[in-house]
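Only one chain is given next, in structure tokens, and it is the form predicted on its own.
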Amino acid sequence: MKNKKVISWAPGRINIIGEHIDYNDGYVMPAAIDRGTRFEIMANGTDSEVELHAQNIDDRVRFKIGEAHGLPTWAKYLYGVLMELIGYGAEIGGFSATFSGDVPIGSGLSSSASLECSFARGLIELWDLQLDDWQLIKACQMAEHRYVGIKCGIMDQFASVMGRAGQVLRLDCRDLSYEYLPCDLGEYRIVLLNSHVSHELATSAYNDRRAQCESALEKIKSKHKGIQSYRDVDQHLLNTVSVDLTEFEMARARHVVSETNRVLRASEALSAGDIAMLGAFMYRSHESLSQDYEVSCPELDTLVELTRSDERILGSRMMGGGFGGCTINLVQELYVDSVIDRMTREYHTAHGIELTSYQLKIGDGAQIISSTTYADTCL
């Protein structure tokens, strides 16, 4: 009998610009980061017994493949990934897995995609599964849809798997074509500021926004027969159907159309080395997310407003699903510490909450750290 131990890792992600449009066939501009989730997985010699150990919270679950009930939320993500891989025809036996990570939960850095993609990468290696990166990405996305109840787009999992150090991705979420863009920010650095709030609205409001976008698009299609997706809609066309949309539908659609255009223009600015213009688009993105898509919150709005009068900061916006988490900021490198000190004081004055900052590097995507086969050994 041969036993195998696999150590896998997958990162969280940032998104420079392009929020809440991945599930609306828009463009997004994410990148993998140098924080992630590390799994150690080994076969345990059984047909279907699984044991999972979440080290960060010291919680364990045991179940049989296909027979799991009453799992805690963190385990539903993993069970969903497991069942989605099996849905591709993968033959997976019993195993034990231990994992830990340093992606802050609820920060908008997609700790969930990091968790899913590291787990999936490890299982594929452990069981020698003939699945490609796209199948891995899709399995992780659908795990959230079917087992957690979050109808996420594909951006988070895509960035976690496909990221490259020093480069951002521009992903076309309509046809899944993509390109890598060098991320040379010159004298500026990416700094995340964690609001340390996580409003309960997040999951239900996320699904509500998606439903509103879908209903608006259906109404647009009924008026314009050539429309297939939001990519066929510009602001002029949207204005022509405004009387047919509810106030909420119009606002959501306006964000999707304008944000898609901002991603294209922001990627041009990045490629041209115009970091000031990139920052300007980030500010406009936040305004749209706050006012039209209504997924910001007072704490995030405060963090963005506190940057506007600081010439050492070129851009700021909320990042991730919203209602809490982090803002992403372009800060002049020489003044990062003093900017953080000021923001910490003023944010605490405004909301009585301590601020946490992260200075991140853009890193590589999901990978196998080691894979070792042991002969005639029980692990």
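Residue positions are given as counts along the sequence shown, with the first one as 1. Since the model is a prediction, treat every value here as computed from it, not as a measurement.
Not on display, but discussed next: the form predicted in complex with a small molecule.
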Review point. Which residue among C152, L245, V161, L278 has a heavy atom within 4.5 angstroms of the small molecule in the model of the complex?
Key: C152
Review point. G18 near the small molecule in the model of the complex, any heavy atom under 4.5 Å?
Key: yes
Check your understanding: Would Y283 show up as a contact with the small molecule in the model of the complex if we use heavy atoms at 4.5 Å?
Key -> no
Practice item. Check whether G324 has any heavy atom within 4.5 Å of a heavy atom of the small molecule in the model of the complex, and answer yes or no. Key: no
Review point. With the partner left out of view, is W74 within 4.5 angstroms of the small molecule in the model of the complex by any non-hydrogen atom?
Key: no
Point to revise | Interface segment, criterion being heavy atoms within 4.5 Å of the small molecule in the model of the complex, picked from 345-353, 22-30, 43-51, 326-334 | key: 22-30
